[in-house]
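The chain below stands alone, shown as structure tokens; this is the form predicted alone.
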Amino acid sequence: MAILLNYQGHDSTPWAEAFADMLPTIPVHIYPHIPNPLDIQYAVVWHHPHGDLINYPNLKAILNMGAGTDHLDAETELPDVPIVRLLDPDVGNDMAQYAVYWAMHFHRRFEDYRRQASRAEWLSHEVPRTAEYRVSVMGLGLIGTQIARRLALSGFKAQGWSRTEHRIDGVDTFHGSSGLQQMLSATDVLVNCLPLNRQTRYLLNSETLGQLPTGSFVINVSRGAVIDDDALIALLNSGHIAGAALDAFVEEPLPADSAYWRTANVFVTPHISGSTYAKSAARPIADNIIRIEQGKQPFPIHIPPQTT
């Protein structure tokens, strides 16, 4: 038995060290240095090369090293084994902090004060009560639910939308197409937490974004292709949307010629809203490997969209 480890584009060594501590009896092989593919029973991967995972006939599970599964969903062929998403409380906490920070930034008009300070201008602005400021989360999965709860705890009027009905204490929830329209029309800040799949690609387009009230804001902590960039930029330039904090893009790093760099009141961050820390994130992955070895179900199982 052995683990295939590949944190593509990052240093896999801290993960290998963490698994050596947590699972000392299971060898860890960092891709592409795999002595014997027959030994591999667990693939712990992030953006692993397409088509490679079918080369391990004794694989028991694929354990994703992040919350986003779009790279795995794009595979044309995968082994018939469970795909397990990463549920790391530290990642969810970071993403919730990111959303709360930007919601506060937009609500309290801190960018206006920053600009005024550069002109030595002393001028205060009235803002709505926090409890009246409507911050809506699209996508109520594990991360979206955590963000919505944190927004509610921060005093905002927290709202959330999902395709099917969800109930979250302290959060007004909506579902379905009619629910989406109802929520968008009553939103001051929209937080995108949707996964990227065939149903969500460019779901936030000129029609849906146009349903937001004039002067609203957008935060994206999910995937870039959920948003139609041309539509968002047009709405920003027209003033219909007053600003955006964007952490994910169709192409990363964001090209230097992207209009987002030059659009007023757009704040670009390099996909850092939720950082993955090996010391904390390795623990739930190791626990799931132990669960599988004990004949138990890992959690949370991911079901690719094409199989639903």
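Owing to the predicted nature of the structure, the values given are computational and were not obtained by experimental measurement. One rule holds for the numbers: they count along the sequence shown, beginning at 1.
The following text describes the form predicted in complex with another copy of the chain, which does not appear among the structures shown.
At a distance of at most 4.5 angstroms from another copy of the chain in the model of the complex, all three residues 153, 268 and 273 contribute at least one non-hydrogen atom. Although the partner is absent here, residue 217 lies well away from another copy of the chain in the model of the complex, with no heavy atom inside 4.5 Å. Interface membership of residue 73, defined by any non-hydrogen atom within 4.5 Å of another copy of the chain in the model of the complex, is ruled out.
Taking the partner from elsewhere, residue 102 is found to have a heavy atom lying within 4.5 Å of another copy of the chain in the model of the complex. At the 4.5 Å threshold, heavy atoms of residue 132 reach another copy of the chain in the model of the complex. Comment: 123-131 is the region of 222-230, 178-186, 206-214, 123-131 lying near another copy of the chain in the model of the complex, near meaning a non-hydrogen atom within 4.5 Å.
Only one of 35, 57, 32, 253 comes within 4.5 Å of another copy of the chain in the model of the complex through a heavy atom, and that residue is 253.
Residues from 277-296 that approach another copy of the chain in the model of the complex with a non-hydrogen atom closer than or equal to 4.5 Å are 277, 279, 280, in the order they occur in the chain.
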